[in-house]
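Read the single chain below, which is given as structure tokens and is the form predicted on its own.
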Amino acid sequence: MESIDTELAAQIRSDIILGMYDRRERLSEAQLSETHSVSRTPVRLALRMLEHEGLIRRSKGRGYYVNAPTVKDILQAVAVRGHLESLAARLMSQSPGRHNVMPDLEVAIDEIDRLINVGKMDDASLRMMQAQNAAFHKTILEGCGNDYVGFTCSRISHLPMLEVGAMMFDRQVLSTADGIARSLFRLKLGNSQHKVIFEAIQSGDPVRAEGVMREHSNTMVEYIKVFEKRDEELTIKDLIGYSGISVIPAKNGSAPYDEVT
């Protein structure tokens, strides 16, 4: 069970990212205590968490103001995460102990291949792919030998699309047979990059591991840019919708946005 302050931070975080507060709107302990029917102590602790995440800032007087992320902020953060994952792949390929975790990477790759070959793109299948994709990327971050790489990734993981191993889907595309076929082909290409990264790490080739991981990380941004060509301007809610996995917990601890949209 999560603590009250952690749950409260998740609720406020969700409200900020979903635009329930205006940018630079003032927040106070008293206001939030009344709104969420809790004492000021968990509110104070929750606000400190959100301040560390950069979602709120201290005002010159008392209290805080909302510092909601913009689409530009998130795209920049995705680029940063891509560089960090590239560094992790390079470091892992140079690590003498890398062979101890290679089986974990292989299992994730094989399972994604199996799911792709089944050919289903329903919510259950996509969640399983998400889980294996996350396992692949987390194994590299945790096995690279530099704890600050994973730590830095974790500091931005609360933002939409910034959860390690997040994947992008669009239900409109998945509503047609052609769209499903194209999505499966895209996933197959992504897993092919996993295989190249695996081989580079296994053979101790840091240049190739880093380069392919960088290219692999950029595919998410490229996929998002496709949607920027639509008539309407891309919004934070769009980014949450295109993310196959949510980083915004619900009040009960479930993930209400983890279904593709």
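Quick note: we count residues from 1 along the sequence shown, nothing fancier. None of the values given here were measured: they were computed from a predicted structure.
Keep in mind that the form predicted in complex with another copy of the chain is missing from the display, and what follows is about it.
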{"property": "Option touching another copy of the chain, based on a heavy atom within 4.5 Å in the predicted bound form, out of Gln193, Ser203, Ser28, Thr41", "result": "Thr41"}
{"property": "Proximity to another copy of the chain in the predicted bound form, single hit among Leu115, Leu187, Leu87, Val71 (heavy atom within 4.5 Å)", "result": "Leu87"}
{"property": "Stretch in contact, per heavy atom within 4.5 angstroms of another copy of the chain in the predicted bound form, of 97 to 105, 73 to 81, 134 to 142, 115 to 123", "result": "73 to 81"}
{"property": "Contact flag, Thr176 vs another copy of the chain in the predicted bound form, heavy atom cut 4.5 Å", "result": "no"}
{"property": "Close approach of Leu162 to another copy of the chain in the predicted bound form, 4.5 Å, heavy atom", "result": "yes"}
{"property": "Contact test in the predicted bound form: Glu51 vs another copy of the chain, heavy atoms, 4.5 Å", "result": "yes"}
{"property": "Ser183, heavy atom within 4.5 angstroms of another copy of the chain in the predicted bound form", "result": "no"}
{"property": "Any residue of 135 to 169 that, in the predicted bound form, places a heavy atom within 4.5 Å of another copy of the chain", "result": "Gly145, Asn146, Asp147, Tyr148, Val149, Phe151, Thr152, Arg155, Ile156, His158, Leu162"}
